[in-house]
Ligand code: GAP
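As a starting point, one isolated chain is supplied in structure tokens, in the form predicted on its own.
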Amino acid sequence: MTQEELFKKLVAHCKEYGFVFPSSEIYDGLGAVYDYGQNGVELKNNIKRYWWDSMVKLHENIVGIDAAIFMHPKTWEASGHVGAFNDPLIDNKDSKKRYRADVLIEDWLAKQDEKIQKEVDKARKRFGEAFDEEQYRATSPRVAEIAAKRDAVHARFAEALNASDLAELRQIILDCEIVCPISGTRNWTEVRQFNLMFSTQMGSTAEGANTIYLRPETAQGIFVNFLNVQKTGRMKLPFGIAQIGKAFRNEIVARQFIFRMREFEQMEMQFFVKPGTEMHWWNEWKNTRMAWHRALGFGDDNYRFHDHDKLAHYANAATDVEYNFPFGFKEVEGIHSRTDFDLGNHQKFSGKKIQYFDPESGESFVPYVVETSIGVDRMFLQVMSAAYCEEKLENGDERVVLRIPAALAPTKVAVMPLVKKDGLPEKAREIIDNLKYDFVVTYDEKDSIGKRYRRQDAVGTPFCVTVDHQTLEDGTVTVRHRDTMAQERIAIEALHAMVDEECSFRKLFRKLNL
């Protein structure tokens, strides 16, 4: 099964099992907008809780806020979004499809890396245990040829991005013979910049309405509240402000399911530090955030850092945490050193003094900022991609199972009476009543017990509890574990403690060493 086929199956699974639906589907949907179903919203909320608690609960010097989506229009002038929040877009004249020029080139670069890896894999198969990958990469003429071509294009690409040279971006696309995925042709237009912000009107009359924007990021709500939080919370540097909220971008080339959407949710933390210490904290947060991702157990090799070829107008350092999706390594989270750009500009545009007074040195200054910004929807897709598994069993049967970490799983326990009579349903309801105050629990009595197990595997439920006639005799139940399918007999009284231990966030938090 190809990665493309796997991704199509994952998208279909998300809809079939109540994770993600196309928005307004009865009206044929709305492009790049999605709704989260009954299982999806539980998983999404658990992801947000994992992030929020690891940020706010486990750090004494980080607090949270919830800022409004609508902000004064000058906010976006000060932040640079009105003048600089653009994507370089290019159209194919034959297919009439529009693409991001930088993404087309990034995809070409990724294909060169794949070609090199294929050469390495073929050599490994040929030489067996005697294979020395490092030596082969250094001496293979074919690898050297591909790498030289890739590196030359990458250097041109980075230079063009930093110079905002749209003509050079188009020339790279032509020189690399990049074709439209739809038409297969290289009949490209010029590259143009397109602003991504949604605008709307606020006011009681059309004549008196002001143009405002749906926020394209949640960070500015933190910056404009810096003084409010710092003074009311008596915060001392270094400290952070965290927020989870919706953001909106008019993505022309939204694609890859929920990876790139027009309405999405962000989890951002802005960490305020003394000028001159920002690179120390940038490196600290890089390591902290990577540990947070790897704690989920999806394989350390599936994550990597990718430093930006072009820094945003506010940054002096930036890297992404990338995950190996079915469509390749892509950004899940960004860690940026934003300098004093944001607070400094808001001080300039508002005319208000936005500074921190250091009682030790007796000086006032505009703090520098280190940002961690993660997309909830991308994180959701990452978890689903990593958890989805098609498995062939020893008896020849097959099952689809979501190996979602237990703490994130939408439902923790499914309680099932073996048959719908003899008092077993009533006993199952009693067990649910004892668990439902602390865990999301479901009741399932339809179909054979085997079909019920498969149904719960497909939505990632860690435990199935079967109530049978022996339960009425000795107060024990059969607990079936999702990942191993192993079954054990335990007392009803022990259920709560077992589920709490296995499904608690404590297991994940202990890995973070915070």
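Counting begins at 1, following the sequence as shown. Predicted model, so just to flag it, every value in this text is computed and none were measured.
What comes next is about the form predicted in complex with ligand GAP, which is not displayed.
Checking 90-98, 68-76, 103-111, 264-272 against ligand GAP in the model of the complex, the stretch whose residues place heavy atoms within 4.5 Å of it is 264-272. Contact between E371 and ligand GAP in the model of the complex is found at the 4.5 Å heavy atom cutoff. The closest non-hydrogen atom of F259 lies within 4.5 Å of ligand GAP in the model of the complex. Of the heavy atoms in G334, some are within 4.5 Å of ligand GAP in the model of the complex. A residue is said to contact a partner when one of its heavy atoms sits within 4.5 Å of a partner heavy atom; I431 fails this definition for ligand GAP in the model of the complex, lying far away. Highlighted residues R249, Y314 and G375: every one comes within 4.5 Å of ligand GAP in the model of the complex, counting any heavy atom.
When ligand GAP is considered in the model of the complex, only one residue from R338, H346, R289, R215 comes within 4.5 Å through any heavy atom, namely R338.
Residue in contact with ligand GAP in the model of the complex (any heavy atom within 4.5 Å), chosen from V224, V413, A219, I404: A219.
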